[in-house]
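Quick setup: one chain, the form predicted alone, written in structure tokens, and binding and motion questions come after.
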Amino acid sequence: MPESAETHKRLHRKRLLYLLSGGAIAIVLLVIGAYDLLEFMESPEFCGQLCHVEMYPEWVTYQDSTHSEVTCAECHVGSGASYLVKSKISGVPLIFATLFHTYDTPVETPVHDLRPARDTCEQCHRPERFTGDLIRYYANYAEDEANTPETSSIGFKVGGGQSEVASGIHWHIGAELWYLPLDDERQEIAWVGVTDSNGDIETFIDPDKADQITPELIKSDKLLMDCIDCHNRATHVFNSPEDLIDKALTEGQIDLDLPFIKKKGLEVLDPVNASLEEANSRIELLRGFYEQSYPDIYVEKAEEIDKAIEQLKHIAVLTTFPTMKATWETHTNNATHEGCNRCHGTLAAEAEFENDPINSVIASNCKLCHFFR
């Protein structure tokens, strides 16, 4: 073979080798970049700050919650490629809603395509394990000069356990319990079905809504009850200024010896201010109140007053969302009596209602869930 032809072939092989090597490096870098991008897209910072700016209230309350170390994706997506793809596809309409400002204010809840709690919450929490009773202590403070505390203790029959022997509040998860909501917020429950050990279903209905319940509707819209049906504000909790001030007083973040601090704090935070700047300006006026009304305390407790003002500003951050119109009144917390009363005291055992309308109603007795000391 002529030397020129051999040289030409070597040159082609060398170019091919460079091309293949460059392509392999590019693929590796692309995979690493895609992985890093995907990891960033699953981070709380992406969800709360970069992409979903309309989620600011949820981002703020998330940071102050007991789940602040759990990433958004762990609850909203969970593990597995199928749910990852599904979450991205379901998020496409939200992009257009954000671009054209057609999103709801506040953000609509509950999230209807949220993965079942059995695949997310129950990776850490185990309601089928018996917990027993718990006691919680609460302190509320009067709006008087001494911020007089009133304390109480309430027992919770949390219970739990496997379906055959489950008891207490977590019986609702231990059992196979289906329910039919008539509204998007899942607050109007018209039908409940509980599957027993023989596979039979005992049904309960709201007599006032019986004409809206059909077998077809039950089959298509019934939902299996899970953790989120009660703990619907497990992370994004919108507390009232009163609850947050009481909490700060209990934890010593606000000095209990500052006269009228509970009353004055509520005056500047409830109702909600038009903006966070307005809230901060009103909070700063508390210095003048103590300087004029309690000059000795103004001097002696200057540091405590500063600390109280900073804490009230933090409470303002947690409660002031004028753009998205989210408040403690717009998001019902079902882990309270409001959630219980969707069924208890409302629904009646369908098989017994006609013969015994009163006694067939599901009891709403507080002692079903609580004991008092």
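Position 1 is the first residue in the sequence shown; the rest follow in order. All values reported here derive from a predicted model rather than from experimental measurement.
Form predicted in complex with heme C: not shown, discussed below.
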Assert contact_stretch over 161 to 169, 285 to 293, 254 to 262, 206 to 214 against heme C in the predicted bound form, heavy atom within 4.5 Å, equals 161 to 169
Answer key, heme C contact in the predicted bound form at 4.5 Å (heavy atoms) among L134, V299, A274, A146: the residue is L134
Heavy atom within 4.5 Å of heme C in the predicted bound form, from candidates A142, C124, L224, I201, belongs to C124
Considering non-hydrogen atoms and a 4.5 Å limit, does heme C approach I218 in the predicted bound form?
no
Any chance E108 has a heavy atom within 4.5 Å of heme C in the predicted bound form?
-> yes
Closest heavy atom of T71 to heme C in the predicted bound form, within 4.5 Å or not?
yes
- Task: Find out whether any non-hydrogen atom of K307 is located within 4.5 angstroms of heme C in the predicted bound form, and reply yes or no.
- Result: no
Taking heme C in the predicted bound form and a 4.5 Å non-hydrogen atom cutoff, the residues of 222 to 249 making contact are M225, D226, C227, I228, C230, H231, N232, R233, A234, T235, H236, F238
